[in-house]
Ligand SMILES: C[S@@+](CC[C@H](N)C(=O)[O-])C[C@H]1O[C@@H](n2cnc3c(N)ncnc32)[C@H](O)[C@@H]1O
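This document starts with one chain, in the form predicted alone, laid out as structure tokens.
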């Protein structure tokens, strides 16, 4: 048995989520070991820190959906998750992609050694691929082995792949330079969400930054944007409906969505400093129902993007999908 210096599991990065101890690698047994006899398997270059799904698993529905269906391919070439939940019409998708690019340009260009991608999925959009350009490694953590295998197919040796729990990350404290967590925490049960925020902060290095894309309940800016869009465009035709997800042999329905309010977040006594930016002020559903897929819709969304850039904090507080910016104080 040797210290974890293998390129797949770099030294100083991983820790046992049970004991907090450093891990060593047993190449012959395909195990990651900690003192006290605790061990975890790795296969296909993926460290596996989760037990199989059980009936009492608080995140059962979400795990089942992504293991069995969400990251399978739709006949359109999209992932089932994307086909089911994302407005993939050209005008709306261009706007969503611009939102991804804006956050990358603003928060991740500095780079460093490790970028944590918490709840990485299969890195479903091309715009997300470039987030790690200024980092040596992208540390991909997800509850789905299928997602991690797909992420590994895309980025290969530039990634570290861990099947793990966002509320108990198998990562050393203060070891990553930056973190991203997009559309994940609101899929956890409410009782676990605060712990996930705190874990992402825990693993940041001093002076590190994390961007967490969340989802507010009843956001007033999204409601106003919808009112304006309906005034100009009316309700869109049924042709704007999402692509129908295709059944699978083990169809799991949909992941849990447990979105909370701005007041819920700001009422917490967080151990970290935070501020608000915006990912996207409106939802996929609103875009499908109110934004036409033509020059009028493109002009409306261009104006909305300009508003988000000019008033990022206000848009983050009162829009549908905030980017919550977490910082760890410098040492």
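Numbering follows the first chain given and starts at 1. None of the values given here were measured: they were computed from a predicted structure.
The following text describes the form predicted in complex with this ligand, which does not appear among the structures shown.
Student: Okay, which stretch from 294 to 302, 61 to 69, 37 to 45, 280 to 288 lines this ligand in the model of the complex, with non-hydrogen atoms inside 4.5 Å?
Tutor: Answer to the contact question: 61 to 69.
Student: Within 4.5 Å of this ligand in the model of the complex - does that hold for a heavy atom of every one of 136, 158 and 179?
Tutor: Judged in the model of the complex, none of 136, 158 and 179 sits within 4.5 Å of this ligand.
Student: Which residue, 83, 211, 128, 91, has a heavy atom that falls within 4.5 Å of this ligand in the model of the complex?
Tutor: Of 83, 211, 128, 91, the residue with a heavy atom within 4.5 Å of this ligand in the model of the complex is 128.
Student: Tell me, out of 259, 99, 222, 143, which residue has a non-hydrogen atom within 4.5 angstroms of this ligand in the model of the complex.
Tutor: The residue from 259, 99, 222, 143 that makes the contact is 143.
Student: Spell out, yes or no, whether the shortest heavy atom distance between residue 152 and this ligand in the model of the complex is within 4.5 Å.
Tutor: So residue 152 does not count as contacting this ligand.
Student: Please run the contact check for residue 115 against this ligand in the model of the complex: heavy atoms, 4.5 angstroms, yes or no?
Tutor: Output for residue 115 is no: heavy atoms all beyond 4.5 Å of this ligand.
Student: Would you classify residue 165 as touching this ligand in the model of the complex, given a 4.5 Å non-hydrogen atom cut-off?
Tutor: Heavy-atom contact with this ligand at 4.5 Å: present for residue 165.
Student: I'd like to check something about residue 205: if you look in the model of the complex, is any of its heavy atoms closer than or equal to 4.5 Å to a heavy atom of this ligand?
Tutor: Result no; residue 205 lies far from this ligand in the model of the complex.
Student: What residues of 100 to 138, in sequence order, lie within 4.5 Å of this ligand in the model of the complex by heavy atom?
Tutor: In sequence order, 119, 120, 121, 124, 128 come within 4.5 Å of the partner.
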